[in-house]
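Next up: just one chain, as structure tokens, the form predicted on its own.
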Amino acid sequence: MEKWYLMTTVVLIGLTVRWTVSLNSYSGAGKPPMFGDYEAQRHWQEITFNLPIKQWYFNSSDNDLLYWGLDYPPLTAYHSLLCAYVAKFINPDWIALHTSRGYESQAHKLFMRTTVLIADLLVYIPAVVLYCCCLKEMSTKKKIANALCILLYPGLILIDYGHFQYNSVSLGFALWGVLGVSYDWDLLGSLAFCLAINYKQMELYHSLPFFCFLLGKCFKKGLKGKGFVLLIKLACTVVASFILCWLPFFTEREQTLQVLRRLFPVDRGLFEDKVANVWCSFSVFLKIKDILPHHMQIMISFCFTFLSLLPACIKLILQPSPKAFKFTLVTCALSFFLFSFQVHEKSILLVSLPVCLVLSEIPFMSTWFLLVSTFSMLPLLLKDELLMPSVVTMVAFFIACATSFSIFEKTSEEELQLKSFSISVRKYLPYFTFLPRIIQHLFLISIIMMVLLTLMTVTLDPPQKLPDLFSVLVCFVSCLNFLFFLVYFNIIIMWDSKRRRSQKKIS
């Protein structure tokens, strides 16, 4: 009884923080003619409600695709339509065709913020609570503390409740998928993940770990027996779920192709705005967008992405386990973020979700990563006038993690899950005992850099010749951190089996 009382308190704290952030500004507030993501979501409600389904993704006099044209999968469109029906009931002016463009009012803001909160309550928050309750070898208090830290992660709160998006829906479905396949509810887990992909195509960042984990399970069961049956069931589940979501768009070939063109706009270029990935961060030194032709940029980004995630995926197929699955989700999503084509700064949330899932296993490194992931979106958050909510939520999250997990006491080789790696290195370098100290110093440098860059960005004016100086520095510093984390998480994956064998010998 006490457990559920405390968990309810944690959820209420999470909801209070979310609603407090929602009282602040949002993307494009009072900034015509394009406004921002808030207007994009409102506009999609207008389009889906007023136009027939066959016109949702096509350019027309009633649907100008250059003005926030729908570019997410069908499930997002259906969600927009559902919200539009509620909006129509409250105030038809909110979704009136053409005349509602750029509509802003306190009542409408309240409505839009409420739709995010309801979606969060229905999809993401229950998944977080259930995930934490299912964690093994943890006390009840630790499970509740873990739920608190995940629900206080500032990146997701600031983007969904500040900037304005519905990332909690796709991430929530993905988390339900993780729960399903981790506890052998493979068909339900596959269905949940298909819903995630059909809500936001960026969930493809997580698709390879899901595929490899389930394929590894099939191999383990034997492809001549139960494994083959499971494979067929999984294939049928995936196909059926996609057919149901895409059914209205399968009536004509051109319909399907147009939706795909909207979902994967390769003509937009290698990256947009200031994003903390390799291509944007290092464009200061080498402007790949100007040097190489478009098709070469696509090929290079594909090769780098594929090669960086390949080792972890192969190992997951050969040695499938829930722990390896979670860490592979981290490395694959991070590889996509760092190297893939057409990345947005908000895509770091796709890496942050699986990092939240390993928060209890490596609290020091996970907390560090989640702070950097929020910091990497600083230019966007400042643009939306969300400085104060960003600082407050980041400090609150850091304090929650530091007190819940005593993160500064968990920096030994064993607790960083680097012991087996260090033992392997010490075979050739006997004096290699300083890795934890290096990581502690890197953490300190990283925090100091984030604080200094935030202060500089807020208080100083950039040189006239370099107006984007501070934004570029934020991206570059964040990218260096992410490259370090990519190496770190891959080391954990590749040396994990050796660590488990050494633990068995000790026991």
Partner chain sequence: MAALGIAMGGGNWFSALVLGVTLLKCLLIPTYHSTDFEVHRNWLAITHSLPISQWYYEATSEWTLDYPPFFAWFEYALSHVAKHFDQEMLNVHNLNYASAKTLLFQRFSVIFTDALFVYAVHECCKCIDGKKAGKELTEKPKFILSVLLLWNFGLLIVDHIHFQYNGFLFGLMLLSIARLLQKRHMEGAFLFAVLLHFKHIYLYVAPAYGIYLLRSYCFTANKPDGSVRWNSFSFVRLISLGLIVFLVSALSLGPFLALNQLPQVFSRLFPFKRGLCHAYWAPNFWALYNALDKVLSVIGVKWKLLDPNKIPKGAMTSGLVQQFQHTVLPSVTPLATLICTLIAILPSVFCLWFKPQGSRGFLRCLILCALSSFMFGWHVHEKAILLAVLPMSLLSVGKAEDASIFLILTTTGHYSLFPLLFTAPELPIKILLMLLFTIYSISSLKTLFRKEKPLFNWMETFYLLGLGPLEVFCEFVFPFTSWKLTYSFIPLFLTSVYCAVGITYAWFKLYVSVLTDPPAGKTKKQ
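Computed from a predicted model, the values in this text were never measured in an experiment. Numbering follows the first chain given and starts at 1.
Quick note: we don't show the form predicted together with the partner chain, though the next part is all about it.
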(message) Whether F282 contacts the partner chain in the predicted bound form should be assessed with a 4.5 Å heavy atom distance threshold; does it?
(response) no
(message) My question is simply whether I493 lines the interface with the partner chain in the predicted bound form - judged by any non-hydrogen atom within 4.5 Å.
(response) no
(message) So, F306 and the partner chain: in the predicted bound form, are they within 4.5 Å at any heavy atom pair?
(response) no
(message) Whether L230 contacts the partner chain in the predicted bound form should be assessed with a 4.5 Å heavy atom distance threshold; does it?
(response) no
(request) Spot the stretch among 392-400, 274-282, 258-266, 127-135 with residues whose non-hydrogen atoms come within 4.5 Å of the partner chain in the predicted bound form. (result) 392-400
(request) Would you check whether the partner chain, in the predicted bound form, lies within 4.5 angstroms of a non-hydrogen atom from each of L12, T20 and M388? (result) yes
(request) Could you check which residue among K226, R426, K141, H98 gets a heavy atom within 4.5 Å of the partner chain in the predicted bound form? (result) K141
(message) Which residue, E414, E254, D93, E409, is the contact with the partner chain in the predicted bound form, using a 4.5 Å heavy atom cutoff?
(response) E409
(request) Could you list the residues in 89-111 that come within 4.5 Å of the partner chain in the predicted bound form, counting only heavy atoms and keeping sequence order? (result) L110
